[in-house]
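Here's a solo chain for you in structure tokens, the form predicted alone.
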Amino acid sequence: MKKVLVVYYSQTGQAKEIADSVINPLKSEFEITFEKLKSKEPYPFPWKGMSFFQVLPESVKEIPCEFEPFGFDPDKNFDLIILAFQVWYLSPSIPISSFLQTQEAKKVVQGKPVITIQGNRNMWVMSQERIKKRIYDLGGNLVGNIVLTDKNPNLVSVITITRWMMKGKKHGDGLYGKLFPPAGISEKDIIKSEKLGKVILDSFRENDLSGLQKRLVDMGAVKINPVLASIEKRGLKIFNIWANLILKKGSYGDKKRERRLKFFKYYLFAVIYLISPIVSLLFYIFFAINPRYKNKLVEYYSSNAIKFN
């Protein structure tokens, strides 16, 4: 049997649930090894107080955390590597970016096909760009990307995901439960993602992974919103400025950083609720005027290429 290593990080269990659905069709013909990433200093869930804002600089700058010992054998010859993760601050969550900076990752990824699976709110392309580069730098071959997102309106999903992160409650109750949907990706979409696993299985049976990404895109595995992608690209540059500013006050968890983190918190929510709608409208008009550029952007971010001019 072919061997698959599934490396994942999940606080809520959603990333694992998505990965399980996608790989379900592979189980009859593949030996599956799961590796849940466990940092030596666990990140809290639910997040309390300023704890979620504390991870901003390390997320954006991809400063690695330390791990508990891995359970998989890095010397084992895996036929496929699957990475399942989420986005923190337009960047790969710290555990997944940290894993790709380890010697164990270099051993298992080098020369192997890799598939990425993401479960996010709505912004993920800048995170994927950084993951792409790390995979290629390790000598891996990114053959597929699957992204599931929260399909609720932007301002609604901000409220529901914030409540989930801070209270640990995916489903609402009382009046809140009547007004707002469950947080995160819908169970229906997670269940439907199993069909993407069948595409992966067929590609292996045909011994041809070169066209896998196109087949996945045709099945709806990746949907690019050029407006959000453009906002992300500029947003990440601003997050880098904030990260550098906050790091001057200390490393992760240092209380000396909290004053600047509070300013960032106010900035973030002002951007989401006040500035983003205006910027979105401007980009919408821009792409209406420049459809060729829009199509080029969508084509690139749907692919596994690593450079867009």
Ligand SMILES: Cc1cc2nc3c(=O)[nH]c(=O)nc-3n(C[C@H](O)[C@H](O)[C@H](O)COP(=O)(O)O)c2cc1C
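In this text, all values refer to a predicted model and were calculated from it rather than measured experimentally. We number the residues from 1 along the sequence you see.
The discussion below concerns the form predicted together with the ligand, not included here.
Looking at heavy atoms inside 4.5 Å, which stretch does the ligand contact in the predicted bound form, given the options 71 to 79, 187 to 195, 114 to 122, 209 to 217? It is the stretch 114 to 122.
Can any non-hydrogen atom of V55 be found within 4.5 angstroms of the ligand in the predicted bound form? Flag for V55 set to yes.
Contact label in the predicted bound form: S97 to the ligand, heavy atom within 4.5 Å: Contact check for S97: no, nothing within 4.5 Å of the ligand in the predicted bound form.
So, W47 and the ligand: in the predicted bound form, are they within 4.5 Å at any heavy atom pair? Answer yes; at least one heavy atom of W47 falls within 4.5 Å of the ligand in the predicted bound form.
Consider V87 of the chain shown here, and say whether it contacts the ligand in the predicted bound form, taking contact as heavy atoms within 4.5 Å. Judged by the heavy-atom cut-off of 4.5 Å, V87 is in contact with the ligand in the predicted bound form.
Quick check on this chain: which one of I231, I161, L138, V199 has a heavy atom within 4.5 Å of the ligand in the predicted bound form? It is I161 that has a heavy atom within 4.5 Å of the partner.
Output the sequence-ordered list of residues from 13 to 30 with at least one heavy atom within 4.5 Å of the ligand in the predicted bound form. If the 4.5 Å heavy-atom criterion is applied to the ligand in the predicted bound form, 13 to 30 yields G13, Q14, A15.
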